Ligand code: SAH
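Read the single chain below, which is given as C-alpha cells and is the form predicted alone.
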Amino acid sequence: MIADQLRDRIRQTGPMSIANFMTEALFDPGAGYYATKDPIGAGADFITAPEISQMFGELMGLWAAQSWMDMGRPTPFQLVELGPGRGTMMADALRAGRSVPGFVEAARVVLIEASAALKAVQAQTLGPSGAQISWVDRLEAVPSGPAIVLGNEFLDCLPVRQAIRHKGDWHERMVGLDAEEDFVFVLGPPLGVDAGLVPERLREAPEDSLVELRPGDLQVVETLATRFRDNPGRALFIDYGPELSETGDTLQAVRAHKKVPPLDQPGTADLTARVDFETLLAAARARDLAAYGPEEQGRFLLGLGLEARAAALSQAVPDKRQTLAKQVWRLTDSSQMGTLFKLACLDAAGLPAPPGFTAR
C-alpha cells in the first residue's frame, strides 16, 4: 500500500512536502491512484464536464478547429490533450471537428497520460475515430511542430506545495506522522529562496496565512513557451479556481463523489487543489506568451454556441430535451460549474485572439 511506503519514507527521512505526498499518492506506478483505477464517471469517484455532456467536447473540437485555421491550417499538426480521462472529450472533439474540411486529417492526436488503466479506456473510446493517435508520458515528449494543446481539469491535479506565514517568514507545510502513525500536517523549515514562489500579492499576508505554490503549473508554462518560440501553437486550460491569487487551503480529496480528509488512505482518493489563474497567466506573459482569460466557463460555452447546439440536438432527439437542458444548466449555472470553472488560453506570439476570449 502507498500508505505504508509513505510512512517508511517519513520514518527514515522526516516529514515530506505536500507535493511529494501528492506525487506518490497519485502517480506511484504500482499503487498510485491513477495507476490502479479508472476514476471518472457517475459510478466512480468524480465526473468531469465531458462526461456530463457531449456538447462540451464538441465545442472544444470546434474551438480547436478555428484555432487550427487561425494558425494557417498547418499539416500535419499535433492535437495534444493533457490528462484525457476516458478519451470522451477528444472523441467528441474529433467528431465535431470533421465539419471543418482537413482538420481531422491534419491532426496527429497525442495523449499525455500517466495511468495505464486510463490508456486502455482511451484506446477503446477513440478507436472508432479513425484519427492517428499516440501516447506520451509528458508534454516535453510531444513531437515537434505546430500544436494545439487542451487540458481539462489537468492543472488542478498537479502536485502543490503549501506555505504558512510564521513569525514573519514563509515556512513549508509538510506531512509527518503523529504518535499513532497517522498522517498529519506539520510546520517545516523556512522556504528560503523558494519564498519567491509565493504569489506577489500575498507575500505580506498576515501571520498564520496559508498559501499554495504551484511549481508544476510554471513548468507547463515554461515547456509551452519553449515550444511556441519555434512553432505556432495555442493551449487551452479549463479548470477550477479563483481569478486572483488567494490565501487558504484548497487541497481536497474526493472518493465516490464525496470529499474526504486529504491525508486519509493515500492512493484511494483523487487529490486536487484550485488553480491560481493570476499566477499562471502572469508567468505566461513573463515568458512572452500571449495570455487570455480567465473566462468563466458558463459565459465561455454560451458564447461558443452551447444553447444553439442544445436546441439542435433537442430537435433531432425530442425525448432528450429535458436531459439536454439539465446538461446546459450543469455546465453554465453559477450554482454548478459556470463560475467556479474558468478557461485560460496561452498563445504563440502573432496569432489572432482565440475564440471565446474577450480580454488579454
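Counting begins at 1, following the sequence as shown. Every value quoted in this text rests on a predicted model; they were computed, and no experiment measured them.
There is another form of the same protein, the form predicted together with the named molecule; it is not shown, and what comes next is about it.
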| query | finding |
| --- | --- |
| Which of 228-236, 207-215, 241-249, 83-91 lines the interface with the named molecule in the predicted complex (heavy atom within 4.5 Å) | 83-91 |
| Heavy atom of P50 within 4.5 Å of the named molecule in the predicted complex | yes |
| Non-hydrogen atom contact Q78 with the named molecule in the predicted complex at 4.5 angstroms | no |
| Close approach of L281 to the named molecule in the predicted complex, 4.5 Å, heavy atom | no |
| Residue contact check: F154 to the named molecule in the predicted complex, 4.5 Å heavy atom | yes |
| Within 4.5 Å of the named molecule in the predicted complex, all of F27, Y34 and A114 (non-hydrogen atom) | yes |
| Proximity to the named molecule in the predicted complex, single hit among V109, L158, V104, A147 (heavy atom within 4.5 Å) | L158 |
| Partner-contacting position among A96, L118, M174, A273 - heavy atom within 4.5 Å of the named molecule in the predicted complex | L118 |
